[in-house]
Each structure stands twice: as C-alpha cells, then as structure tokens.
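Read on for two forms of one protein chain; each stands alone as structure tokens, with the labels structure 1 and structure 2.
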Structure 1
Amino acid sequence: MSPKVELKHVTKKYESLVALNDLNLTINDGEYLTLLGPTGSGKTTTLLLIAGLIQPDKGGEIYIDDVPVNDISTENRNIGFVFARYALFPHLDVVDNLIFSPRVKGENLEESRKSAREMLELMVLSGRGDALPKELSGGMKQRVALARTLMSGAKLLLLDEPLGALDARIRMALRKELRKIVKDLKITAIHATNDITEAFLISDRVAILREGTLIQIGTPAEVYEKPRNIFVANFLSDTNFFGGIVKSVDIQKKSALLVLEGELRAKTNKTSKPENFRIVLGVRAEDIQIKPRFSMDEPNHFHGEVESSKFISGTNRYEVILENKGLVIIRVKASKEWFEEGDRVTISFHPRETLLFDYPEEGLEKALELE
C-alpha cells in the first residue's frame, strides 16, 4: 500500500506574502496528482511542506497515512523528492548518488550496489555508473535523479517541476515514461508543473492553484469540461471570452439568447442565469468552425477577416478580426484547404459548446491575469 496524504487548513506566509492560503487537499493512495498553476501559485511550497523542508503556519496540519507529521523531520517521513534542478551530489558518481539513501539508512551496501545496477538498467543508463553528474546530459540527469529517489524505497514521490529544465522535445518523451514508472511501482505521486499538457498526460487528477489558493480539483476531463471560473477556462485552453448580458431565457427549449459586446447575438444551452444578468461567454478555440464568408444572420454566426493563419503541429491556428473589431482565436485540425491572411470568413459555434460565467467583479482582465 502506498500512502495517502492529507493537508488540513495549511497556510504558509512569508512576511507579507501569502504563499499558500488555507489549503485543504487529500491525495489518495496510489494516485498521481498534479499541482498545476502559474509561477508563484504555491505548487512548490505545497511540496516542500509535505516533505517537511518548511513548516506550515500555526493551525495547519499534514497527515501521511493518517499520521500527523508536523513534528516528524524530513528524514523520517519516508518520502522521495525530485528537485527541479535535480540536486545530484556533484562529488559523487552516479552509483554513489543512487546508493546514498541505502547508505545513510545503514543498509547492506553490496546489495544496494546490485539494485543500483538494476535500477540503471531500468532507466537505460547502464554503463554510466561511474560518471559524475556534470558528465551527463540533461535527460540523463533527470533519470538519475528519479532513480536516486526510487532507491530510497519511498512510496510517496514528490516531484517539483521534474521535467522543467529539459528541452521541450525531451520533456514530451519523458513524461510518458515517468507516469509508466510511477504506475508500475504503485507509488503515490504529487507532481508540480506549470505545463497543462504535461499535467493532463501524466496525472489521474489535477489540482489547479492560483496565488496560493486551490481553485479546482478533478480529473483532466472534469476540469477541462467544467471549469469553475474564467481563469481555469483560460488557463486550460485557448478560450475566447465575450462580455454581455442575458437577453431572454427559454426554459422549455433550455436555451438562452445573449447580447454580447459589439451587438453580437449568441445562443447558449446554459440557462441558469436570469434575464438581464451580466455574463461572460466563453468559447474554446477548438469549438469554433471557420468557413468562407456566407451571408447568414443568425446567432453564433459572426463575420470577419483572417488576420493571421499559422500551421502548428498538425493544426491550423487562425486569428480572425470580427466586424466589430473583436479578435477570435480558432484552432482546427490541419486539412488540405486552409485560409490565408486577408480571407473573409464566417465563424460559428454550437450553443452546446459554450461556457457561461458570471461577469467577474474585478473585471475581465484581472480575472484572467496569469502572473
């Protein structure tokens, strides 16, 4: 059994800065959880707190397997930690790095050396045992860091941006490997990252943090389909936001008519808001169709002109300037026919594929701010 982790009312302040604000979080045993958020959202702080490398402010409690660990020092918590910059001991070769943990725990060194060699094989690092950390490439260092942590036998793995220092392409390759290893070993893992694709690819559940506060937690599909607020919607995908008001609600047809900025009319299936209520309509870039201009004056059909057209890895990304000067971002699967800059187009979206939010009190821009 791998451990379960619980944080109750955990707060961490540094003088005037609130790094973490009343965090309540349960990580189930054997679960792979990602802490996802922009720089300064409290991801690393959470990991350091669970590891015991920093202490929570008064009132906060952390449990590992239902045991309160506030008074247990790091070395006795039996956790594994992978650091963003790996922290491989520069004066020790790869094998000595790997057997550091067995050594300080007084385990049999011969046996540890043997399992270190097996570990190196598993990590495709055979023959690198005598190398010093500075002689390894970035990808190798990352795998040694992971191997060293696994050698400690810990069943709770804390990963702080473990792939953040790598080249983009290697990062893509390694995240799949990472999930596989963790799952094969049946370890509980908590992984901090600011990369949405990484979070979705790697984890069972995603916890989205912003400015030290937990905003939403759920499986990738849950948080993606039902974002709690416009920050989450914007952070997880390229979403177009239109401010507006609810014009009329048709309860029977389960639809509502909206009037958006610039006199655009839109229909949505989300009807929980009363008439004349101020709202923000969100439409994801991939939920918008783009067609050559045709004259149709219906809700959810807007006319515009392609301002930029770019092919990115199997998709076409368009920026369309609407007639009311609004900018809409559209992403579609690349096909043989695409639009060039200057093409006149009509864009449309289905009433079902919309997101409806209350208009944020602090204003749209502030609510979307990433840092």
Structure 2
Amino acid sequence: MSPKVELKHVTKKYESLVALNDLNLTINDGEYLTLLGPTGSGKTTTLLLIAGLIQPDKGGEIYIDDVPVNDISTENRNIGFVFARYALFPHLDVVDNLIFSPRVKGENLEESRKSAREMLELMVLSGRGDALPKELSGGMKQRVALARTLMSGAKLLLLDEPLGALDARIRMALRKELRKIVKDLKITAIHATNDITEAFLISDRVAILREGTLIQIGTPAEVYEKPRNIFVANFLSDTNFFGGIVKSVDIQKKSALLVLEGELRAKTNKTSKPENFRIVLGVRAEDIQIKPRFSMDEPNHFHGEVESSKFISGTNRYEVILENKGLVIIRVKASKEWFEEGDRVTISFHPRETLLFDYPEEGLEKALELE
C-alpha cells in the first residue's frame, strides 16, 4: 500500500525569507500530485521537508500514513528522491547504479539486473547499461537517476524537476511512461515543476504555489476552467485582463454589462455582483476571435490594429492594439486567416468564455506578477 502524506501548518523561513507559509496539504494514497509554480514558489522546499532533509519551523507537522515524521530520519522514511541534479555514483556503470538499492537490501542479483535492463528500455537507454556516468549526456544521466529511484522499492516518490534536462522528444515520451510506471507500481508521487504542460499531462491533481503559499489545488481541468484568482488564470494561460465596474445587471437574462478601462463595454453572463462593483474581466487568448475589420458596436466586439503576428507551434499568435490603446493577445489555429502587422481588425469573444474576478486589493499589475 502506498502512503498518504499530510502537511499541517508547515512554515519554513530562512531569516527574513519565507520559503513556505502555513502550508496545509494532503496527498492521497497512490496519488500523482504535482507542485506547480514559478521559481521561488516553495516547490523544492516542500519536497525537502517531506524527505526530512530540512525541518519545518516550530508548530508545523508532517505525517506519512498518519504517523508524525518530524523526528524520523530521512533514511527511515522509505522515500525515493529524484533531484534536479543527477547524484549518480561516478565509479559504477549504469546497471550497477540502478541495482545499488536492491543489492544493499539483499535482493536476488540476477533478478535485479533483469529488472534494470527492462527499466533502461523504458527510459530509452537500451545498450547503455555498461556506460559510466561520465560517458552519458545530461539528459541520459537524469534518466538513469530516475530509473535508479524507481528501482529502490520506495512507495513514496519525490521528483524535483526530473525531466527538465531532457530534450523535447524524450521528455514527451517519458511523461507518459513515468505516470504509467508510478501507477503500475502503486506509488504515491509528488512532482515539482514549473512546466504547465508537464503538470497537466502527468497529474491526478495540481497544487499551485506562489511565494510559499498554496493558491489552488484540483484536477488539471478544475484549476484551468475555474481559476481561483487572477494569478492562477495568468500563470496557466495567455489571458487578457480588463479592469472595470458592473454597469447594469439583467436578472431575467442572467447577464451583466461591464464598463471596462478605456470605456470598453463587455457583456457577460457569469456575475452576480451588484451595480458599481469593481471587477476584472479575463479572456483567454484562445477564446478570442479575430476577423477583418467590420462595423459592429455590440458588446464583446472591439476594433484594433495588429501590432505583432507570429507563427508558434501550429498556432498564429497576434498582439492587437485596441482603439482605447489596450493590448490584447490572441491565439488561433494556424489554418485560420493570416493577418499582417498593421492590419485593421475586429476582435470578439463570447460571454460564456469570460472569467470574472473581484478587483485585487494590491492592484491588477501586482496581482499579475508571476515572480
């Protein structure tokens, strides 16, 4: 049975720097949970605390399978840890690195070697079992480190940016394989990354951190479709934000008219806020339509001029300056009509595709900071 992990009121400070602030988090038995956030958000600190490599400040408690482990040493927590740096034994070849833990435990040597060869196939390292670490590329070393940890027999796996050193093709293949291995071995996995695509592809749930604070936790679909605040929406996708006020509310039609900065007017059907309430309207780049300029003055249709147009990974990405000087980012499939810089266009979005947030106390610009 794989363990459940709980952190209760866990804080970690380094003098005046708060690395983790009153974290309460539960990772369920057999769950693949990703800690996602920008650099400095507290991801690695969380892993180090769970592993027992550092201790929480007074008052914080860490439990593994309901047992408090603050006073239990790292080696007695039965944890496998994959660091961003490889930490391989330089004098051992790849296979001997992989079977180090099974050998220490007295497991059958031939069976361990067989398992090591199978693991190397999964890691796209067939034929490199006799190589020393110095003979491998950085990406290969990282895969060996990952394979060694998976063979350790630990039921709790901590991964700190484990795929960061890999090239794009290998990284895509290993994301899928890593999740499958974890599920097949019935391991609880906690994976730290700032790669949103990686987190969404590999996780059961995603915990989003910012400046040491847990901002939101949920399935990939939940955190994307229902971001708790402006930071989450901005971090997970290219999102356009407009400050404004609720101008009028139509209770029967369940809609509201917003007057946004620069006298833009947009209609939405997602607010229950009263008139004159200060609000932020968010629209994701992929939810905005762009067409050649046409005459349309209804809400959610705005005129502007293309300032930048780029082709990126099968999509066309535009930056459009609106008539009120606001900037909008748009991303559409590359098969759509292409617009050049300087083209006059009309953009639009459906009321259902909007995100609404209370106006942040610290101001919109500060709320949008990713680091």
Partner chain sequence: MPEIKLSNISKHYDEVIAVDSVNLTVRNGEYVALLGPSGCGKTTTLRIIAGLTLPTEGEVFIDGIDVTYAPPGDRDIGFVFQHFEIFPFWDVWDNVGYGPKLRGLDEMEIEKSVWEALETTKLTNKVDNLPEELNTPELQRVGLARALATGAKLMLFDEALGALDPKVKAIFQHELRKIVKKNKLTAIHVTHDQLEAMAIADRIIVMRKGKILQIGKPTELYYSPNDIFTANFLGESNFIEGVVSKVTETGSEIQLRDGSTLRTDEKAIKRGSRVVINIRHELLRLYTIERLSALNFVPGKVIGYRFLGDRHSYEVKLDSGEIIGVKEFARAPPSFKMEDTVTVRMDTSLAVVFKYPSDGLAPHLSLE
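Between two forms, the rigid core is the largest collection of C-alphas that superpose within 1.5 Å. Structure 1's sequence is the ruler for residue numbers, which start at 1. From a predicted model like this one, the values you see are computed outputs, not experimental measurements.
Asks: Sort out for me whether 1 or 2 is the form predicted together with its partner chain.
Replies: The form predicted together with its partner chain is the one given as structure 1; the other form is structure 2.
Asks: Once both forms sit on the same rigid core, is the C-alpha displacement of N300 at or above 2 Å between structure 1 and structure 2?
Replies: For N300, whose C-alpha is compared between structure 1 and structure 2 after core superposition, the shift is less than 2 Å.
Asks: Relative to the superposed rigid core, does the CA atom of N78 travel 2 Å or more between structure 1 and structure 2?
Replies: Moves: no, less than 2 Å.
Asks: 2 Å or more on the CA of A207 between structure 1 and structure 2, with the rigid core superposed, yes or no?
Replies: It does not, since the A207 C-alpha is displaced less than 2 Å between structure 1 and structure 2 after the core fit.
Asks: Where the core is superposed, what shift in Å does the CA of S115 undergo between structure 1 and structure 2?
Replies: With the rigid core fitted, the alpha carbon of S115 is displaced 4.0 Å between structure 1 and structure 2.
Asks: What is the C-alpha shift for G106 between structure 1 and structure 2, rigid core superposed, to one decimal in Å?
Replies: That residue's C-alpha is offset by 5.5 Å.
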